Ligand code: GDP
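For reference, the chain that follows is the form predicted on its own, supplied as structure tokens.
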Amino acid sequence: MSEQHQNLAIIGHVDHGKSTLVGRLLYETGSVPEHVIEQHREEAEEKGKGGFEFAYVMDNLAEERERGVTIDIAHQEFSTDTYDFTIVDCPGHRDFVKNMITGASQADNAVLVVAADDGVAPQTQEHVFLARTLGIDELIIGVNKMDIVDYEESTFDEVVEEVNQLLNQVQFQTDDASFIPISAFEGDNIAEASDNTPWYDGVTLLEALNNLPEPEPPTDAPLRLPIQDVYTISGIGTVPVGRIETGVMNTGDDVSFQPSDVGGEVKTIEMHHEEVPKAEPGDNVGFNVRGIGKDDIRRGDVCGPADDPPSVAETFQAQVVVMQHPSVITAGYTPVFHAHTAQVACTIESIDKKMDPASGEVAEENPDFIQSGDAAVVTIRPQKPLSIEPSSEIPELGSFAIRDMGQTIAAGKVLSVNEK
């Protein structure tokens, strides 16, 4: 195991080969679950096909996905020499955008998959814009399906040009982007340099992943641990469970849960069924707090130090990007906000300014409405208590998705919190 951990988002248009790429990365790094490999060996032998092919792995992952068996392609893990990666996107998954913004899915970096035969598609744009808004630092662009375009250098160059224009549009540093011609299906330039692209002398995809800068673990920020579930475990008592986003939790710490507004001393911390004295960002923990009962806290609470408790918003100001909405959004609109593990109905009290998404300049003060494609600064009032932090102070707890009518309609980040 490598020491360092990275959350990696795999983004891009739905048919551009994200799932195949994830399968290929798992396959090339020896990370395909053992039961999947075994099953194929048996199937292959029964059918008298020796050899064990990548395509099989893909078929199996696809079948399992249709049967709802796998824990999705998201949360699959693979390791390179430098990092242990967790993949934090469910390619083509309807909750993808929501997951990308909320959940334990704050990605450190991203691989953008663009099909060589199709170029920039609508979702490519949406995902790049989100990646930029949500603070993803480095983009690795896999120009996929090179096998379909006969490994033509000119086709690759066209796609690079097109993607660079898109990156410039949303003010992504194009110097920080690396472009790699790949075939996820055939394996070109994933683990080793391909003979099919003699014109390309850059790194392979796994090398590019290996060379990513180390994420700075947010240990010096105050403890913030959004609660995912609360269990009662015999012999221990009430055990809240969640992933530490920032800071450190030690046994003996005095903690506060907000917005439930209860607290106590941390008695025990458990990780992977073992008791540990402390836990850090990225750790999934179960813990027990003196005097806290099952009904005192719930999913969506955030645990933090008693002397620096999580903020609870009376109102907050945020920058939002409207991705899809059938009509227009006006003041008074009350959709559901998904922030970390909380889901709370919130009212957009006022639309303060409309921004030009390309330049980031103010386009209009106090507009009457906003619609798909608009970026705006808005003031929001949660209908129930909600703990949320300014993105500039604790980015891990400063972004959210807005959902309505079964779809993600907007994404945003918190600019300031007016506390209760």
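Definition used throughout: the rigid core is the maximal C-alpha set that superposes within 1.5 Å between two forms. Note that residue numbering begins at 1 and tracks the sequence as displayed. Because the structure is predicted, anything quoted here is derived from the model rather than measured.
Although it is not shown, the form predicted in complex with the ligand is what the next lines describe.
Undergrad: Might G17 be said to contact the ligand in the predicted complex, defining contact as any heavy atom within 4.5 Å?
TA: Yes, G17 lies within 4.5 Å of the ligand in the predicted complex.
Undergrad: Answer with yes or no whether R243 is in contact with the ligand in the predicted complex, where contact means some heavy atom within 4.5 Å.
TA: R243: no, not in contact with the ligand in the predicted complex.
Undergrad: Counting only non-hydrogen atoms and a 4.5 angstroms cut-off, does I148 reach the ligand in the predicted complex?
TA: Although the ligand is absent here, I148 would touch it in the predicted complex, with heavy atoms inside 4.5 Å.
Undergrad: Answer with yes or no whether V111 is in contact with the ligand in the predicted complex, where contact means some heavy atom within 4.5 Å.
TA: Residue-level check for V111: no, no contact with the ligand.
Undergrad: Only one of these stretches, 197-205, 304-312, 183-191, 337-345, has heavy atoms within 4.5 Å of the ligand in the predicted complex; which one is it?
TA: Answer to the contact question: 183-191.
Undergrad: Just give me the residues of 282-320, first to last, that have a heavy atom within 4.5 Å of the ligand in the predicted complex.
TA: Contacting residues: none.
Undergrad: Once everything's superposed on the core, is R243 shifted 2 Å or more at the Cα between the shown form and the other one?
TA: No, R243 moves less than 2 Å.
Undergrad: Using the rigid core as the reference frame, would you say G12 shifts its C-alpha by 2 Å or more between the shown form and the other one?
TA: Superposed on the core, G12 moves its C-alpha 2 Å or more between the shown form and the other one.
Undergrad: Does the C-alpha of H127 move 2 Å or more between the shown form and the other one once the rigid core is lined up?
TA: Indeed, H127 is displaced by 2 Å or more.
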